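In the block that follows, a single chain appears as structure tokens, in the form predicted on its own.
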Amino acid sequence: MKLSRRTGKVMPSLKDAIRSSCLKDGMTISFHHHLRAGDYVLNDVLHTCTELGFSNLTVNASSIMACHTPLVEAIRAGVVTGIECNFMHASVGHAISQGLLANDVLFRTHGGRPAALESGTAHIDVAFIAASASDPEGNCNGKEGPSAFGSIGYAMSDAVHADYVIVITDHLMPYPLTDVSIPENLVDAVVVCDSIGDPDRIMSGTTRITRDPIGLLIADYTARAIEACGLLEDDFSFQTGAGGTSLAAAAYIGERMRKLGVTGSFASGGITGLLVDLLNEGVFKSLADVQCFDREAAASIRKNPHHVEISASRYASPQAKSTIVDRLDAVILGATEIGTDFSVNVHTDSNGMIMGGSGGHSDTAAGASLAIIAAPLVRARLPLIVDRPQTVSTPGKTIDLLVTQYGMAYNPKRRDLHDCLTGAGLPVFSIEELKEKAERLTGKPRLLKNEGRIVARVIGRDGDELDVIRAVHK
């Protein structure tokens, strides 16, 4: 008699997988955002939960992206009453700012999220993990298959700490999968779907070097400031965002490193094709990748052993014994507003409406030797510098330098930067002087004071509440 072969953990449908998980009303479900604007999984799961009659669920997602607008309808239907995330796109954030959600949103950082799971401050009942490749037992990754998106670092903590883990894939491979990011011993069920998302949309329109002369000037000043501070030596390490100015700064830094004959240790964070090029040229020895920002990065992480996938915990958790962010020499960050105490807002717009979140902003600012805000002094006729930001996303004590097209200002706690910057001929001012310059160009902005109910709480990477966000009623 021929013995029957095991079929693994593959479920007939998403509905069957959810039923098997013992999910109940009031529980927390989690998602990652590695597919960014191309993600289908969060919406598919919420649609299925609606059909199954669930209510009062909390969504714990590493980020809420533009494609997740169906979440608004799930809130209106009472299926979702709570959200925990590190970033929220305006397409959902504006509805939250108008008081739609029953409970306060909890905004954490990319490092604070795994730290909260590790400490038990946050809990996940059922984790839904989009994987571009999986075998029948749930060994999975984001590197293979037609929907490959690269690193799956933000989902790793979910897999470790959730009570029940469901892997959702559109590419089932034979057992055993050999390149494993999340292993089978952490997975309870596997669901095969038509598509987990559109990997071409992980770029979200943000990963191109700016051609704007103002952005290029800011980028040049930023690179010159890093060099002036003596950081461009062998084993230099840094991180930058995926915005156009930040990428231009990375390109300028690469040029200076080539000119100086410097070989960097690593670049980290969200990885782009530009950083992949610097790795391939030998400008950096390695990339520490918690998230790929474009298809070039996703292709690189699959084939280059020096392009290393890392978990969100290893990236930035203050609960970990050591992290990548604590080894950074420099980080280049953006801002919606910056206060005269150097505290930064990246959560809300000029009207106080939710349109972003810290992500790794606070984590890298706290860890890097030189934390730089690179941003235009005036944007849409509004000054960058204010007495106090609408929302405090990153404490001022962790920011070292502000760079604008009109010059730069160092945090008074970093008086050691003065001689470095002025000695290199860079335009240095106090932050108050830059604020006055901006207001001469724009006029003094009216003070906006939102007095609606609290709709969100900004939790620092250490777990303390940094600020609250109040409702804005139009």
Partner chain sequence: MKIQKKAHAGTLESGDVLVTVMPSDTLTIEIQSPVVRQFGDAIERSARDVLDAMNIRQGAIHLDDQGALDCTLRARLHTAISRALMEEDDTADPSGKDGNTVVMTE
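Bear in mind that the values here come from a model prediction, so they are computed numbers and not experimental data. Residue numbers count along the first chain shown, from 1.
The form predicted together with its partner chain exists for this protein as well; it is not shown, and the discussion that follows is about that form.
Residues of just one listed stretch (411 to 419, 439 to 447, 50 to 58, 28 to 36) have heavy atoms within 4.5 Å of its partner chain in the predicted bound form: 439 to 447. Contact check for Ala102: every heavy atom lies farther than 4.5 Å from its partner chain in the predicted bound form. The shortest heavy atom separation between Leu382 and its partner chain in the predicted bound form is within 4.5 Å. In the predicted bound form, its partner chain lies farther than 4.5 Å from every heavy atom of Thr121. None of the heavy atoms of Thr398 is located within 4.5 Å of its partner chain in the predicted bound form. Screening Ser237, Thr323, Ser350, Ser311 for any heavy atom within 4.5 Å of its partner chain in the predicted bound form leaves a single hit, Ser350.
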